[in-house]
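Just one chain follows, in the form predicted alone, and it is written as structure tokens.
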């Protein structure tokens, strides 16, 4: 009888320890109690990246998530060009540097050092294509975050490239279809910084009673 009681006591101690360990692990890794919410809340705009690129297999998964974003009438009114080859990226930067002369550093720096750049164009024949491209970009950034890849959404490359005719060779190299306009960039890479979250103005959200 004593042996049975001792055995039961040991089992209870082991079970209690297991429960405590499980609870601690959950609190540590799932502080938002939901993986999707955790991904959203922990994503930051990264402006400093490690030099290594992102594996093509990982990028393909991210792009698949991107094109599965919601979009008007399933028109999929976007085109995407992914540049993960540093040689090609250097060629793009060289064209921009020559086009902007004394502003070359500013123009080239607009990519924030991301080793992978996603160029997105919108279909000019569809009024809501800009919204579709925004949703696409958000899916790209959130799926990247879930895979440990940092990201940044960029508008300045669009201005530098679209506003200067000398940058036309870049658009030709990207090869967007006729009727599509370059409208957005997403930089991807492994983060070399851990910025804190910026405060959000919750008062901008109101429930209409």
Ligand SMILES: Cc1cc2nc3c(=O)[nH]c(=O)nc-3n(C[C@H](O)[C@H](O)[C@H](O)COP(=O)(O)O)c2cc1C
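Please read these numbers as outputs of a predicted model, since none were measured by experiment. Numbering follows the first chain given and starts at 1.
Keep in mind that the form predicted in complex with the ligand is missing from the display, and what follows is about it.
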Task: in the predicted bound form, segment of 147 to 155, 53 to 61, 174 to 182, 161 to 169 with a heavy atom within 4.5 Å of the ligand - done: 147 to 155
Open item on the list: Against the ligand in the predicted bound form, would residue 81 count as a contact residue? Criterion: heavy atoms within 4.5 Å.
Closed with: no
- [ ] Indicate whether residue 44 is a 4.5 Å heavy atom neighbour of the ligand in the predicted bound form.
- [x] yes
Open item on the list: Taking the ligand as it sits in the predicted bound form, is residue 112 near enough to touch it, meaning that at least one heavy atom pair lies within 4.5 angstroms?
Closed with: yes
Task: Interface residues of 176 to 204 toward the ligand, as seen in the predicted bound form [heavy atoms, 4.5 Å] - done: 184, 198, 200
